[in-house]
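Below, in structure tokens: the form predicted alone, a single chain.
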Amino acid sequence: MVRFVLRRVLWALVTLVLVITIAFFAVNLLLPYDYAVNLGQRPRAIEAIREQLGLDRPLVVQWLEYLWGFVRGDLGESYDGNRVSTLVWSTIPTTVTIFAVGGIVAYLLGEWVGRVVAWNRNRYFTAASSTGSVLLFTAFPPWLVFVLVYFGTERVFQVRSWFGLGPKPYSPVPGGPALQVVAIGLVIAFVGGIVLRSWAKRHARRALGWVALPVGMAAFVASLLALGVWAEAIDLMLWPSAVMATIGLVLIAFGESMLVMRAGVSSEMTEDYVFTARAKALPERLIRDRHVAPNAVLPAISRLITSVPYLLSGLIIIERELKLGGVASLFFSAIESGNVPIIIGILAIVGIIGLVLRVVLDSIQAVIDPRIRIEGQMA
């Protein structure tokens, strides 16, 4: 198993270098303007700015210098003098929190609905779920944001009033230590709840499986109370822009997860072990959840992880429309000004996230299905 994971990590590092190289040359060659043109109006001034920023050097030299800095954990310095890592870190907690929470909720809903729809074989329910999933999966993010804001704003304000909070405009989420605590805490609560849920299902602890996620959220709430940031955390979690962005991501990601899970369950239902289990008079729910679902869940997890770049691009558009102030604002402002180091830095971080998730996916698949690990060692 260790050898299998090391092979995947090595290939991920090679792929990461290729991704950064392609991003570097693509941005520098395809961007129709540069930062110096925005600052200087005369040719001499533009050349002086380019020389000061190091843009007059050969592109290969710039690439080697950037790659060497990246290997040392340095994303470089933006053209306005700020560290790229500092700029990205100041905006990424909001984006990561929304993406993690929205993606996990979408997967859990899609996995459950797809399992139930496929098993019941109700043609009306199947047709309705298919139509709704396709519409959500192919929804145009700006249109989806408009619908959510139009119909959901009053509901968000009403929920905020339950906690003694007033209405807030659609604006960036305030940064600070509280936001980082909320971001890290929510991710740990959801991931821990899913791990505990999987363990409970594997060991036939049905009651524990049902309360796994609530237990994770209860631990998160207890940690907020212990740290004394409960009031500020609730305000951040119910920030209108963040709530709408999370709902939008859930709607976009839910459709694909549901369709893939439904297809997997439908395919497994014709296998011999299902007929054998029914011949032994096992309950239908036990056959579905203990035997069929574990074999059908791998394609759903794989598709969710491989679609991370698409979901991130959709989230960036949603953030832009809601004025959330996350990575989207930094990314688009860098494009508008031609600030290449920021653009490449964000693309590199997205690549790292995607590759890390891919290694995690390969490891999960190898644990669930030993044939993958054995074939990987023989290759």
Partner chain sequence: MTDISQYEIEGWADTRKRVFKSKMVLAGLVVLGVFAVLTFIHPVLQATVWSGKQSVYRPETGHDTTISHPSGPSIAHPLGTDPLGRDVLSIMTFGLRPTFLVAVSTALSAGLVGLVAGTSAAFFKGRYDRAMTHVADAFVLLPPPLIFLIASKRGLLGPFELGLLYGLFFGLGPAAIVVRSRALSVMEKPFIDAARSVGGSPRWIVTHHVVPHVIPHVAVIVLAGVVGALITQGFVEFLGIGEYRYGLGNLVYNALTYQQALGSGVAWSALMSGALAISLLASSFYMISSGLREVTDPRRSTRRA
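Residue numbers count along the first chain shown, from 1. These numbers come from a predicted model, not from an experiment.
Quick note: we don't show the form predicted together with its partner chain, though the next part is all about it.
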Just to confirm, with a 4.5 Å cut-off on non-hydrogen atoms, which of A48, L31, L67, L55 contacts its partner chain in the predicted bound form? L31
Interface check vs its partner chain in the predicted bound form: of W210, F275, F146, W162, the one with a heavy atom inside 4.5 Å is F146
is_contact(V243, its partner chain) in the predicted bound form, heavy atom dist at most 4.5 Å: no
I'd like to check something about F137: if you look in the predicted bound form, is any of its heavy atoms closer than or equal to 4.5 Å to a heavy atom of its partner chain? yes
Taking the shortest heavy atom distance, is V181 within 4.5 Å of its partner chain in the predicted bound form? no
May I ask you to state whether I316 is within 4.5 Å of its partner chain in the predicted bound form, using heavy atom distances? yes
Only one of these stretches, 278 to 286, 263 to 271, 182 to 190, 81 to 89, has heavy atoms within 4.5 Å of its partner chain in the predicted bound form; which one is it? 263 to 271
Note that its partner chain is not shown here; using its position in the predicted bound form, name the residues of 280 to 311 with a heavy atom within 4.5 Å of it, in sequence order. R303, P309, Y310
